[in-house]
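In structure tokens, the next block holds one chain alone, the form predicted alone.
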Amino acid sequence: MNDLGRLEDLPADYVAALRERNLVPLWPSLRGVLPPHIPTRQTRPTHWAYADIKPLLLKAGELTPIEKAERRVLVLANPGHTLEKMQASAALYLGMQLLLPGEWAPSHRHTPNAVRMVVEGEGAWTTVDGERCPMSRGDLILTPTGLWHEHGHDGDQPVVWLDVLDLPLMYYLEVSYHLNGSRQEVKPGRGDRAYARAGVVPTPVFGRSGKRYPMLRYPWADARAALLSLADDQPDAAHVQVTYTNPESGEDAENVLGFHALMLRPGQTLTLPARSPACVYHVIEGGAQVAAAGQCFPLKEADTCCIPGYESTTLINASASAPAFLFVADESPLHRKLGVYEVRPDNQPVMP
């Protein structure tokens, strides 16, 4: 029971005097900002079906030329935060972006960190800090904070990718802005080739590359092969997952959000414990049911859902004969840096 005093219990002239001086009494709202056991969360379990998104995204391609849109995106907004705020969780922004054949999305850079998870189509590319990154289904491409990036399309079919940014956090911190730039000159060298083998990195005469992000493209073919090898090597392991990391430092690929690839064996049911960060699941291949917080979402290929933090989650492979592969984005690097990361196997609070 909340036995703290209420605002309406205070004399009206006292409350008015506080407000005139930009003062607020804490005790009536204390339990709202410091609730017992579990945080107050605005993030709701939310599902976005690609079958619903794609025709509306293609229609956007007809309605708005790239010259007017710059980035033609439909935002996957969580109703718990209101659609106007355009965020999937407290720190996660999601958007489906369309690039049509022959189009070029001009070079810019911004403070929010971003990644691109390619959903479908061939022939597009992203140039990041002078490195051209081909885009194929399931590839993960980084566009970290402050790096110039642009998108182009030399193919003959539409290309769609999922944008994942830490935009809500940057906006909340009042550090979110962008700068426009000119078309980039492509430099020789690609990180996905230089760091193509786990545990083996180039050894320049004068030490490491010196780049904060030496690898910008993570091909799906490599991540998929790693998952299959892990599943074969550890046949009794239920949780078959890999994390996208910086190949030189071993740290998370970016510094605020975490990115992973997860494989569900044929017919597998996997229950994950409640963790503090919100989590996004996006199906690359196959299908899966995602159940959490009393809701169950049947995800087909290219479908996406968001699950709030502090909720245990059950993943079920929809196929009894083929594996399912999911891309996972979460807020775990941010939570670890802040010292608030928690795992609750029995849903009991564990202070970090």
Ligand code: 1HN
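Numbering starts at 1 and runs along the sequence shown. This one's a predicted model, so the numbers in the text were calculated from it and none came from an experiment.
FYI, the form predicted together with the named molecule isn't displayed, but the following is about it.
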Joint contact, 275, 279 and 336 to the named molecule in the predicted complex, by non-hydrogen atom at 4.5 Å = no
Examine residue 163 and determine whether its closest non-hydrogen atom to the named molecule in the predicted complex is within 4.5 angstroms.
-> yes
Report yes if any heavy atom of residue 93 sits within 4.5 Å of a heavy atom of the named molecule in the predicted complex; otherwise report no.
-> yes
Do residue 110 and the named molecule share at least one heavy atom pair within 4.5 Å in the predicted complex?
-> yes
Distance check, residue 151 to the named molecule in the predicted complex, heavy atom within 4.5 Å = yes
Have a look at 116, 224, 137, 81 for me and say which one sits with a heavy atom within 4.5 Å of the named molecule in the predicted complex.
-> 116
Identify which of 97, 127, 246, 145 has a heavy atom within 4.5 Å of the named molecule in the predicted complex; exactly one of them does.
-> 97
Where does the named molecule sit in the predicted complex: which of 210-218, 195-203, 246-254, 163-171, heavy atoms within 4.5 Å?
-> 163-171
